[in-house]
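Given next, in structure tokens, is a single chain: the form predicted alone.
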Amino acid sequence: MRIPRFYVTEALSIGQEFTLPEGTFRHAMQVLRLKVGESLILFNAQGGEYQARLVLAGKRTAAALIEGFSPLNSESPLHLTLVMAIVKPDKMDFALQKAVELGVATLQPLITQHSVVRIGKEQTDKKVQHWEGVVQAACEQSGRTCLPPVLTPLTLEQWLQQPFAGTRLILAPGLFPRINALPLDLPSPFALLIGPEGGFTDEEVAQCQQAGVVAVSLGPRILRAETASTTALALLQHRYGDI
């Protein structure tokens, strides 16, 4: 049986009897129904992970004894930002989840001309908080020891105006080079732009190219946004990362 992993924000140390935070308590005790004596893993995004054993399981509180530390480093050597146009909630959650599993370092939601989902200022914080929850769960599941930050959504124009010392790519249909044909010596870090359900407009693609963003293609078929994101990230990790 796979040992469950939990992200916590608190400092951890070997020998510490750690009281599980409320959210971790609910997941461990009410969902997974862990019992005293069972093992669990804790990590706090400070590097490595801690082996622990449940020593208290009450109705409202639980505690684990931290018994060991592993300097595990499961992070990708490729520093990759996913710049993802905001799509329908279930598709967005899927894309972010798979991006985390594939080792993305930063997540930048994007507002584009064809974005079907629009969020107001009052909804932004709630959306980002939800996406952070998706990221946390994906990190716990995939064995990552760092949590990629989810940045505040930007428009394409705002994102292009930000300085970026590396390689920016935009996925677009057309006669553009494939990812596996890109030069191996492209400068890192990388940023990958993925459009919404309706894709980027020709104007947006041209705007990106004028700003130095390199257009790439996944071939003749039109993929859904979440499929394109997952596929392109996997190809980039294969060519420049650790897959």
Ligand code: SAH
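Note that residue numbering begins at 1 and tracks the sequence as displayed. As the structure is a prediction and not an experimental result, all values here were calculated from the model.
Below: the form predicted together with the ligand, not depicted.
Undergrad: Suppose contact means a heavy atom within 4.5 Å; in the model of the complex, does that hold for all of Pro173, Gly199 and Gly219 with the ligand?
TA: Result yes, every residue of the spot touches the ligand.
Undergrad: To test your reading of this chain, name the stretch in 181-189, 45-53, 199-207, 62-70 whose heavy atoms come within 4.5 Å of the ligand in the model of the complex.
TA: Looking at the partner contacts, the answer comes out as 199-207.
Undergrad: Test of understanding: in the model of the complex, would Leu12 fall inside 4.5 Å of the ligand by heavy atoms?
TA: Answer no; every heavy atom of Leu12 is more than 4.5 Å from the ligand in the model of the complex.
Undergrad: Although the ligand is absent from this view, report whether Leu235 comes within 4.5 Å of it in the model of the complex, heavy atoms only.
TA: Judged by the heavy-atom cut-off of 4.5 Å, Leu235 is well away from the ligand in the model of the complex.
Undergrad: Mind listing which residues of 127-153 have a heavy atom within 4.5 Å of the ligand in the model of the complex?
TA: Sequence-ordered list is empty.
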